[in-house]
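The form predicted alone is given below as one chain in structure tokens.
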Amino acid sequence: MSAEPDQNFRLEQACATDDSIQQVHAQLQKSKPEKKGGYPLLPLGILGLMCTVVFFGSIYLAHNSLRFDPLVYSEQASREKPGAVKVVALTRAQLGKKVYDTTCIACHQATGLGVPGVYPPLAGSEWAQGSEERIIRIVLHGLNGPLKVEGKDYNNVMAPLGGVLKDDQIANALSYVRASWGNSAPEVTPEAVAKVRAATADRKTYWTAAELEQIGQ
């Protein structure tokens, strides 16, 4: 019974001649769709869109990123032209904050409230907001002895700063004091400081509150 399948297998091999195989292959080639030449349009379209986005994105960044300056945020930066910097005019009070922070803050504090019983406050002080001639003299030559500020007594020494600070630095610092912490008084100009400096050039000692009170309001 096993001889019959073997006989059928040999018959099938005999029928599978080279000609028949070629005919089957030819029929398969005819039924298989031919591959179109070139590249598909959809991928090309996507590639073109990506290139367009990159191109125009680069142009936008070049005109709006300040030339990729790492210090992008700048109060003096001008966005009218990439990388351009225009000078922003600051008030004397704004300029004076730096002088105050480096020269006065240790005693009078960032709040302008001073140190109770030791250093008088500048915030709300009648001295800070009063006669500019008096406060210029205090900064130039210092102050020594008893002093009353907002009804409270102080008795300490303020060192003279006339030999350390220039006229414009003194003017800016005093302008900052007179415009901060609720104070409201006119700014002090370098010309006013220079005038008082020249008028008191012979002064070699500290001022006292009693002397300063003789100067007009």
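All of these numbers come straight from a predicted model, not from anything done at the bench. One rule holds for the numbers: they count along the sequence shown, beginning at 1.
Below: the form predicted in complex with ligand HEC, not depicted.
- Message: When the contact criterion is heavy atoms within 4.5 Å, does Thr52 count as touching ligand HEC in the predicted bound form?
- Response: Close contact is absent here: in the predicted bound form, Thr52 is far from ligand HEC, nothing within 4.5 Å, heavy atoms only.
- Mark Ser184 yes when one of its heavy atoms lies within 4.5 Å of a heavy atom of ligand HEC in the predicted bound form, and no otherwise. No, Ser184 stays farther than 4.5 Å from ligand HEC in the predicted bound form.
- Message: in the predicted bound form, is there a heavy atom of ligand HEC that lies within 4.5 Å of any heavy atom of Ser58, even though the partner is absent here?
- Response: Ser58: no, not in contact with ligand HEC in the predicted bound form.
- Should Ala93 be counted as a contact of ligand HEC in the predicted bound form, where contact means heavy atoms within 4.5 Å? Close contact is absent here: in the predicted bound form, Ala93 is far from ligand HEC, nothing within 4.5 Å, heavy atoms only.
- Message: Suppose contact means any heavy atom within 4.5 Å; which members of 139-155 contact ligand HEC in the predicted bound form?
- Response: Read in sequence order, the residues that approach ligand HEC (within 4.5 Å, in the predicted bound form) are Val139, Leu143, Asn144, Gly145, Leu147, Val149, Tyr154, Asn155.
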